[in-house]
Each structure stands twice: as structure tokens, then as C-alpha cells.
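In C-alpha cells, the next block holds one chain alone, the form predicted alone.
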Amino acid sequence: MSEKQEFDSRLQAVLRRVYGEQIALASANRLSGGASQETWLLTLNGTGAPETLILRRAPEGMEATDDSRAIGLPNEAKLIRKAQHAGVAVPEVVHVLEPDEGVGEGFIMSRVEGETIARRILRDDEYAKARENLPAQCGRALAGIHRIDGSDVPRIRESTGLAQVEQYEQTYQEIGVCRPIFDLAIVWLKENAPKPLEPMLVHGDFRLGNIMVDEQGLAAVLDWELAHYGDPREDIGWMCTNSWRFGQSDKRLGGFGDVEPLLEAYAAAGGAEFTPRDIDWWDMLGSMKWGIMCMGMYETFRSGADASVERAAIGRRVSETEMDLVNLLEGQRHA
């Protein structure tokens, strides 16, 4: 029996434990995308179960560790279930994998129809209505996320805005490349840090690419691995970061809309009342963080640790974030 056949056999045993012996696994195909976790499309035969499911699985040997920012897939599954209970649009978690099942670390969830590729969401005519609806929908979703009590979910840490500035400054210093605009941005962020709010659960990576969108708008919030306790403005600012507008820079919110409708819907759904200017500092933080992440990815390419074209290509985006930081700093100077 091949390694793939053995994997499929173990996976079928899991599915029969969930749905009964009448279920058969027709196919298990790994999907493209997902830099840190594997995503598999499962096709089933039989009655009493969906025709398709999604398996989210950690690559072998890549499970979350105590020094990782990722909370780990079992904890991610717990948060998704809590989010569903809070009324946030998420896939349904149908089973969390156990170690003795031999499939790895991860969970099986429902398949949500829709699109995650930003270019299509931002440009295709079929998503025109979705683009109109998304700002308010995202505001309501974030209000729900920020109400979640994750105190019984292990490995969720607290990470304030200033703590992230210090963390990424240390990474920048360790890379050892002098790029003055990052030095200036770090100083500005330290000198202009807003008064911190009471920490609450934040998604940590709320943006196009990590949400499923259908023709009516937000279909599901995905990829909860970076959830942590922090400032709610972080999630809003991250979606406003220019790198996540995917070329549609005139639309501050994710390239599809203005931030004001999100803020209004967020407050109406029980969140705090923020103004667009309240998000400026977090927008700057987002560009600084992503730029330093891009530097780190290039270093893994340059060192030979990961010689993939993807790492080199992402590394080239540092210059984009430098321009974003220049524009943001100029905007603050004239504000």
C-alpha cells in the first residue's frame, strides 16, 4: 500500500467514525495555496454526509510549538466553533483529528462555496454586489469576533500594538539590512502610539485572501491561526493596509470600499465607536510589519533555506511597503 493509499484509508476510517459505515471516501486532493497549512478537498460517497468537506491539516513536522505565533489547529477549531456560536459566518467544524487516528494534526470542516482570490473579488462583475456589501458585513463580523471569550482556548497570547513594534524592530535589526524608511516608521510608531484599549480577541489576519466571498458578500471568515488578545483596531487597520488592497489603492478598506461603513456597522453591532483617523496608526503598523516580513522572506531565499521563487518574489515587495510608509508619513505630516 502506498503512503497516499494508507493516508486515504485512515481518513476514511475517521469519516466513518463521524458519519457511519455507509460513507466512503471517493477522493482526497490537496488544494493549492496555504503557505503554512495544508488544505484538502474531500469527496464522499454514501448517504447521511455532505458530498464534499475540507480538511485543514498541519504539514508533517510543522505542528505549532510553544514559541510559534500560531495557536495550533486544534485551538483554531475551538475558536471557529465559538465564532459560529457568536453569529460570525464561518465553516462548520465537524471533527477535530485525534493523534491515534494517524492523519495528523488538524480538523475537518464544511465546504463553503465562494472565492478567496482577491483579484477576482475586486475586479469580476459577478462580485460587484459583494463589494457593496462587504464593508458593513466585515464590520459586523469583527464586532462578533471581538466579543468572543477565548479564555478557555490554550495558546492564545496577548500582543499589544507597541509590543508588535518592538517585536518587528528586533526582527529588522536581526536581518541587518539598513532601510532608513523603516527606521523612521518605527520611531514614528513609538512616539505616536495611541492609548491602548482593553485587550480582546482579535483575528490577527483579517483581510482578503482569508475570507470567503460569494456574490452577496462575506460567506465565511477563515484562517484563525494568528488569533490573539489585542487592540480591536488592529484587525481594522490590517485590512486597510495598502498591501492588502491588491492594487486598488483608492479604496482604503481592502481595495473594495471605504472604511466608514465598516466602522458604522461595527459600532451598531456592539463594537466601540472609532473614526477613520483612529485607524491611521494601525495602518502604519500594518505596512511596517508586512515590509519586515517581506525582508525576512527574502533572507530565507538569499540564505538558501528556502530557494523558492515565491520567497524571492515576496521579498521584492519590500519596496512597495517603503512607498506606502512614505505616503503614510507624509499624510500624517500634513494632517
Partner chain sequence: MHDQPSVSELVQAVKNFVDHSAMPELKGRAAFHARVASNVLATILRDLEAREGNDAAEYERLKALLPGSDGKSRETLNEELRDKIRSGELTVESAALMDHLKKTAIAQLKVDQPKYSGLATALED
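Model, not experiment: these values are computed from the prediction. Positions refer to the first chain, counted from 1.
Missing here is the form predicted together with the partner chain; even so, the following discussion is about that form.
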Contact flag, residue 12 vs the partner chain in the predicted complex, heavy atom cut 4.5 Å
no
Against the partner chain in the predicted complex, would residue 200 count as a contact residue? Criterion: heavy atoms within 4.5 Å.
no
Quick one: does residue 313 come within 4.5 Å of the partner chain in the predicted complex, counting heavy atoms only?
yes
Does any part of residue 4 reach within 4.5 Å of the partner chain in the predicted complex? Heavy atoms only, please.
no
For the partner chain, considered in the predicted complex: do all three of 117, 222 and 238 come within 4.5 Å of it, counting heavy atoms only?
no
Quick one: which of 159-167, 133-141, 204-212, 176-184 gets within 4.5 Å of the partner chain in the predicted complex, going by heavy atoms?
176-184
Under the 4.5 Å heavy atom criterion, name the residues of 216-250 that approach the partner chain in the predicted complex, in sequence order.
242, 243, 247, 249
